[in-house]
Every structure is written in C-alpha cells, then in structure tokens.
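Given as structure tokens, the chain that follows is alone and in the form predicted alone.
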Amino acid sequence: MTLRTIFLFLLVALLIVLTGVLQSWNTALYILNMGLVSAIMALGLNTQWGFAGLFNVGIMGFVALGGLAAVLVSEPPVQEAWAAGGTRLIFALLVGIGAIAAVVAIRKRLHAGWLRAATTAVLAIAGFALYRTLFDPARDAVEAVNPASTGFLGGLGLPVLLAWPVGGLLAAGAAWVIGKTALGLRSDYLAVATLGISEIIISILKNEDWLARGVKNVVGIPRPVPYEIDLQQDPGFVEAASGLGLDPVTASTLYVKLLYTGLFATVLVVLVVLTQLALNAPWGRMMRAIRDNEVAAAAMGKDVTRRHLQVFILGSAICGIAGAMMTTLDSQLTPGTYQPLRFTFLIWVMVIVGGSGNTLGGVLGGFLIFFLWVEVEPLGQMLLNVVTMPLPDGALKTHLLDSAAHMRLLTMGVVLLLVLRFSPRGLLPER
C-alpha cells in the first residue's frame, strides 16, 4: 500500500470524524455505513469495468434484486395469502417457465423455416394464454388478502443475514441471462441490455404487489442487530450509557449503527481480499489481458465470451449482496427509490474518481463520493445563505436559496471533470 493510498483513506476518515464532531455522530455513522455499502457496489462495478472492460449501466437492477432477496428470505410467510392462492400462483409461474423452455427447445431442434416459425408462434401464444388464465385469478386472490398491511406472499422467515448471499445469487442469475444474450455482441449492446433489464426489474417490483407489495413498500424487515427500544429498556445498557455520559436514546442509536458498521466492514474486507487474490492470480492476469486486447487473447486460445460472462456474473453478484445489505440497514424495501442517478450514475462516478482497475481505488471512491453526496446539500445551503445575505428579499434570492437541492448534481459533475482533467486514471490509478 503506497503513501498516497494511506493519505487518501486517512483524509476520508478525517472528513467522517469531522462530520461527527461538527454535526452529529448519527450522521457520521450513517455516512460510514452507507459508504461501506457503496464501496461494495463500486467493487462490483470495478470488477466488471476495471478488470474486464464490461460496460454495465444496469447496476440499479442488480441492487434491487438484492433488496428483494431480503424480503423473500426474512419476511414471515403470509399464511392467509398462501391459502387464498399462493400455491396456484406458484404453479402458474412454473407453467410460464415451462412454456418458455418448450419454445427454446423447439427452436433448437427444428431447422430454420416456416415450420419452426409456426410451431414457435403456436407454442408461445398457447403457453402465454394458459399462463395468464392460471396466474391472474391466483394473483388477485393473494393481493386481496389484507392489502393495507400485507397483500403479498411474504418470505421464508429465515435470518436476514442469509439474504445477503441470496441477493448475490439472484443478481448472478439475472447477469447470466443478460450475459448469455448480449456478451457476444459489441459493448454498446451490453449497455442497452443491462439498462433495459434493470428497468424491467424495477417495473416488476413496482407493479407486482404479490411479490413485495409494489409501491406500498415492505416495512419492518427483520434486523440482524437489536432494536433501539429493546436496548433502552435494558437496565444494563442504560447504566452503561449513563456511565459514558449519554442518554439511552442516543446511545442505543449509536450502538446499533456501530453493530451495522462491524457487519458491513467484515463483508467489505472479505470481498476486497478475495478480489485482490483473484486479481493477482493467473485468472486476474488473463482478465486484464482480455480487457487490453481481446483479439490477441483470443488468438492465444482464451475463450473471451466465457470469461466475460464469468466476471460479469461475479460483479453483479457483489452488487446484489450490497443491495441486500442496504435493505437490511433500512429495514424496508421501497422500489420507488431505485433511481438510475443514485444506483448507476453515482456508482460509476465512484469507480472513475477512485480509480478504475484498482480495488482500493473503487473502495476509496465509494466512501468519498457518498460523503460528498450527503454533505454537499447542507454545505451548499450554508454557502448560498452567505452569498445571498447582501441581496434584498425577492425572486432572485429565493431562487438561489431554492437551488441548494441541485448542488449535489453540480458537485458530482465538477468532481468528475476535475478528476478526469488532472488525474484521468483516478485518485488511485491501476498499477
């Protein structure tokens, strides 16, 4: 690790500590926890782009699948919904999957021509009609069960920590589907495919209430750490908090966030170590060779498409794990909050600013950019208050003060331009 790397990480740590001293430790720990999650997302994208040159603009969809995993794994099953139509709904989904598999099998067996086209059309139409006939009444029955608080099937009722690897598996499955479709084509086709699939995933989460309540959101997802109210009612914890000079409410909030910090930091360290081991192994050298010159690598006998699929799945799985972790931290799944600006563009800025192709660079970018994302708006409001102080009250002053909300976007653009101008390979460039 170079002195520059140590200095930059210490600088980010100092910024977070100053946030705790000057604002509040709750805000500082929130930045730290979300910085850890953002660093994992950046690590996933850096695996794809920095190590293999794969242009993925569908990070949002993989993160959302991780959030869905937290619901499907940890939420208790809604017995009334299962009794009303849960089994029928699952059977309808299996029929739909079977119809797709039949169409694929027929197209592989028959030669191109009118017979294959006609058979494919008949099977697709009949399969879709049968699927909708079975699915629609079962879905309506499930969503009609107490829609104000449930209206969905629920999950498996397992510990929420199991949702983190499951989120990675769901994202890896979606990445396999996308990769098998688009990785053999040009990079711009991959970008279109990832963007389209991510929007489809978000649309499904918003509209299929039986799955995760749609835009009504799933709240109260079980947590791997104690609840603040339970700590506040624990005499031992109250006594310990008083000994530190803290009231029980503040102490419980800080304690819970520190527990999340420990869990998230453990996952990040494990992923960084595994990524570095893979990068320094022959596999990592092969991936960089493919990234730098696909034609030369293929001429040396490397299966470029297969290796691209491999690393695309791995990077997407890391993003899925981060998505499950973020939903666990929030204790709720809100599909409406998954926006490309936050969960695709911002992650790309983290990787570019931190250093594409450098594992620690992506981690640094995750912390630094999320810190700016949170702090720029209040700091911008303070700056505008000072700048507009001499101005008389009126439309101009009001407009300038209301523009503080846009400081985030302006700052992200300025930071990106400055880094690209003075350090094109990022703050921690690939060695």
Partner chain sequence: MDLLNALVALTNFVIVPATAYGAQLALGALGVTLTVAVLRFTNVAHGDTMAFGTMVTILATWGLQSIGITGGPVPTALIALPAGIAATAALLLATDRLVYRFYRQQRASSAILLIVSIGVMFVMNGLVRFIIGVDDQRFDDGARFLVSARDFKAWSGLDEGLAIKTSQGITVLTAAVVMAALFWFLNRTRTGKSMRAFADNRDLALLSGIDPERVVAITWILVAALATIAGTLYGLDKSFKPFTYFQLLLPIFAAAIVGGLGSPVGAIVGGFIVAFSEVGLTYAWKKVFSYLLPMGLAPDGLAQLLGTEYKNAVSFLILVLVLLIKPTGLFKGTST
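Keep in mind that this is a model prediction, so the values were computed, not measured. Positions refer to the first chain, counted from 1. For clarity, a rigid core is taken as the largest C-alpha set superposing within 1.5 Å between two forms.
The discussion below concerns the form predicted in complex with its partner chain, not included here.
Asks: Residues in which of 341-349, 143-151, 160-168, 283-291 have heavy atoms within 4.5 Å of its partner chain in the model of the complex?
Replies: Only one stretch passes the 4.5 Å heavy-atom test: 341-349.
Asks: Here the chain is shown alone; which of 309, 204, 246, 278 has a heavy atom within 4.5 Å of its partner chain in the model of the complex?
Replies: That would be 204.
Asks: Looking at 228, 330, 208, 234, which is the one with a non-hydrogen atom within 4.5 Å of its partner chain in the model of the complex?
Replies: The residue in contact is 208.
Asks: Even though the partner isn't displayed, in the model of the complex is residue 214 close enough to its partner chain, meaning a heavy atom within 4.5 Å?
Replies: So residue 214 does not count as contacting its partner chain.
Asks: State yes or no: in the model of the complex, is some non-hydrogen atom of residue 379 no more than 4.5 angstroms from a non-hydrogen atom of its partner chain?
Replies: Residue 379 lies outside the contact set for its partner chain.
Asks: Considering only heavy atoms, tell me if residue 182 and its partner chain come within 4.5 Å of each other in the model of the complex.
Replies: Residue 182: contacts its partner chain in the model of the complex.
Asks: May I ask you to check whether residue 15 falls inside a 4.5 Å heavy atom distance of its partner chain in the model of the complex?
Replies: Answer no; every heavy atom of residue 15 is more than 4.5 Å from its partner chain in the model of the complex.
Asks: Select from 373-398 the residues with a non-hydrogen atom within 4.5 Å of its partner chain in the model of the complex and write them out in sequence order.
Replies: Residue within 4.5 Å: 384 only.
Asks: Once the core is aligned, does residue 26 move its Cα by at least 2 Å between this form and the one not shown?
Replies: Shift of 2 Å or more: no.
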